[in-house]
Every structure is written in structure tokens, then in C-alpha cells.
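A single chain comes next, written as C-alpha cells; it is the form predicted alone.
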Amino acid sequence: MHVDFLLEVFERNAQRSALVWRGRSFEYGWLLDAYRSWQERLTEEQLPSGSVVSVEADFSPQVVALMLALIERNCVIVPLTSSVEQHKPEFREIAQVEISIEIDAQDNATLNSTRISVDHEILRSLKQRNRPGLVLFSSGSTGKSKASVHDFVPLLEKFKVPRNCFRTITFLLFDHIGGINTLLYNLSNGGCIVTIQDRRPETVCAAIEEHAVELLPTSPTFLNLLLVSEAYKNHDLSSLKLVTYGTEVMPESTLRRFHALFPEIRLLQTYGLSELGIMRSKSRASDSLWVKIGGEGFETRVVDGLLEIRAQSAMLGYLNAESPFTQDGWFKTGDMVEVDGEYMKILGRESEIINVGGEKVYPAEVESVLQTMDGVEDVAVSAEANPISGQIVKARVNLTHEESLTAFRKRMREFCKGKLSRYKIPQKVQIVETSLHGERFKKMRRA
């Protein structure tokens, strides 16, 4: 059935470590037994085939086994982590969750009926066709979270082709398309998932050293925090071979600083969306922002500077929004790009472009410069309305030390001379203590 190809991998690698959780290693043979145990339990619990089920947990041995058992039972899975704790009741309603399965810190599961009825046509069509599904909520960093619904079968298809095997940290969350992609990639290639209990730089570096991690999938925001914290100085990161980054635009200064510190680590830019899945990608070089994306099952085109994608693994639609696809099936990503032959550079979201008297300003370009200032821990750049120029550039800044706003503004303006055009230098600055990123380590440009 749907996960047979994964079960074959489990059987071939029965003695190999599949997952490290809370310092304990779980082999593929254990995972195979746990999968079968979940099949039996779901039958005993009389969970109907095709049910909409929320799995409320982070990565753990039982979560992995349960997810595969639910796929085989043609259920629609709604992963929810603690990062959306306050939104869980709302998300259950939107996704029309019939059964919630909560897995606690000891990896024990509790099943509860929500008494919600399923009537959305997309969810009903999956059940009628005996297809497993996946519901993912967007981060909501630029507005209300949207619930995208996938047929799980096309998402699984690309993992049937053998790839390289790694020991990988599950940095991207279980309810994120990148987290699901990381899990399935490693399971399909006999790799090892190393889970972490929090995503602070010190914790991540300690896990890399302790478990000889080879692959870190992460975000540009985290890499910047890693550089600022200097947590890497306290640990041996020599096992790390590859760092992949995505979810947001990478500031060029962060990329170049990381590459200069770790020239032996290959850096790969990835591209994916909750609505489409994760595409294959190839960076022009480790210190280059130019990337080639696509691969089998994906087509790309650029219309008026905006990236559009048509994908075999595209979602079926939103549960709480209108379809974003063109009539011929192209998804408008909203990402502005430059093109150079087969490669493109992602400049930023169209919705986040700042228009200063007709001149375009991309937040990531300004952030890239400000993040190289002494004492700057993090910065988020956005637009603010202005009666003269239409908009001005606004910067919210986290500092590593106390400094008056007046002194920082003066220092910032001097620093930016020759690095940024005058209209790109922030006219409004706020020094803030609140975090400038969300639980998914993605820049939050709105206050």
C-alpha cells in the first residue's frame, strides 16, 4: 500500500538507528514493530478509515510510527505542535478534526473524539477516493493562517527514489512542510533522525557534537542567531557536512559569514511551500544566493518578476481561503525573483516590498547590512506609511548590549553610508527586547 516502500527500508535496516529521542536510540526494527502495534491499536479503538485526525506532538518514536499507520488507514493527518498551542481549538475546527491524538512528554498517546463533523468537499473527496491526506497551517506571519490540504500519495512519491543517507537534526517542526520532508527523506534512505527538545543555538550545537550529526536543515534566522551567540565555539561541529536553509530570504551577510567560518560545510538553499511541497534545488555555490529549483514533478516560470510553480504534489486547495491557482494550474508564490539562465535569486515577498517614493526596497537587503553592525543581535525591517514618500523604511532591532536610541541611530546612519542607498537606510528605528522571529525561526516583520 502507501507506505510499503518505507517498510521495506525498515526491514533492510532493522539493526540501524532510525531515531534518537531524549538520548535514546530507536532502531528501524523497533519502528517497524511500533507501526504494527499502532495498526492494531487503531483497529481496537475502532478508528474509521478516512478519519480526520490531529496528531498533537513534536517528533518522537511513537509519532513517527503513528503517522505511518494513519497514512495506511487513509486518514487525513493534521499535525499540531506546541508552537500553535493557543490556536489548536481554532485549527481543529477549521480542519474539521474528528479525533485528536495527543502524545505527551513520555511518548504516551491519548485519543479523544472532538464530535466535529466533516462536510468540507476537499476532505470528503479524499475519503471517497480512499486517499490519505495532510493538512498544514501556514505560519500566519503576514496574516491569518491558511489550511492547505494535500493528498499524501503524491507527497510520498518522490521519496521512492533512493538518495544519500544522513544523520539529521529535526530542526523544522512536525507541523511544517520542511519538517515532514526531513522525516520522510531520512526514513526512505535509512538515515537517522536526531530530535531536540528546544531549538536554541547551544542545544543544537550540543546535539550535533553528541550524535555526530551530518545534516542540519534550518532557517536563515537561526543561522544568524548561531553566529551572534557563538555557541559553535563550545562544541565540535566537525561531523556536519551539509546545512540546508529555506523558509525565508537569506541575508547575504549571514550566508557569507557562515561560509567563512565553516568553509568545509556545504550550504544548500532549498525552496518549498506548504501548498506545493519541497522541490529539489542546487545552489550555484555555498556562498551564493543563486539557486536552481524544480526537478521532476515541478515546473517554474517567472511572470512580471514573480515566481510561479506548477507541481504534481500541489495541494488540493485551502479549507479556509479561495484557490490561489491560475486556471491552468500555476501557483502564484508571491516571491519576487531575478533570473540568470537556469538560476534565480529570491529577493523577497511582494507583499513585504517597501515603496519609498517609487523606489523598491527589499527588507532582506537592509537586514543583511544592519546585521553586520557590532552589537546587533537581530533586526526586522518593514514599511511604515509616510505622507510625503508613501512609505519609509522601519527597523526593529535587538541589541546585545544597552545603547540609547539616539546613539544607535547615529551609529547606524554612519555605518550604512556607502553600503545602502540613502532611501534604503531606516528612517524609523525601534530598539526592542521582544523576539523578532516566531517558533519556526522565521522573521516576523510585523510588530
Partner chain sequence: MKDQLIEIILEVASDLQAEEEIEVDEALQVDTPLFGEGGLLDSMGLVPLAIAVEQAIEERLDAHVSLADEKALSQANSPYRSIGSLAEYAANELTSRVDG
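Keep in mind that what you see is a predicted model, and the values were worked out from it rather than measured. Numbering follows the first chain given and starts at 1.
The form predicted in complex with its partner chain is left out here; the points below concern that form.
J.: Tell me which stretch of 35-43, 65-73, 402-410, 49-57 has a heavy atom within 4.5 angstroms of its partner chain in the predicted bound form.
T.: Result for this chain: 402-410.
J.: Just checking whether Gln427 would be counted as a contact of its partner chain in the predicted bound form - the rule being heavy atoms within 4.5 angstroms.
T.: Taking the distances in the predicted bound form, the answer for Gln427 is yes, it comes within 4.5 Å of its partner chain.
J.: Consider Ile392 of the chain shown here, and say whether it contacts its partner chain in the predicted bound form, taking contact as heavy atoms within 4.5 Å.
T.: Judged by the heavy-atom cut-off of 4.5 Å, Ile392 is in contact with its partner chain in the predicted bound form.
J.: Does at least one non-hydrogen atom of Arg422 fall within 4.5 angstroms of its partner chain in the predicted bound form?
T.: Yes, Arg422 lies within 4.5 Å of its partner chain in the predicted bound form.
J.: Judged by heavy atom distances of 4.5 Å or less, which residues of 375-400 approach its partner chain in the predicted bound form?
T.: In sequence order, Asn386, Pro387, Ile388, Ser389, Ile392 come within 4.5 Å of the partner.
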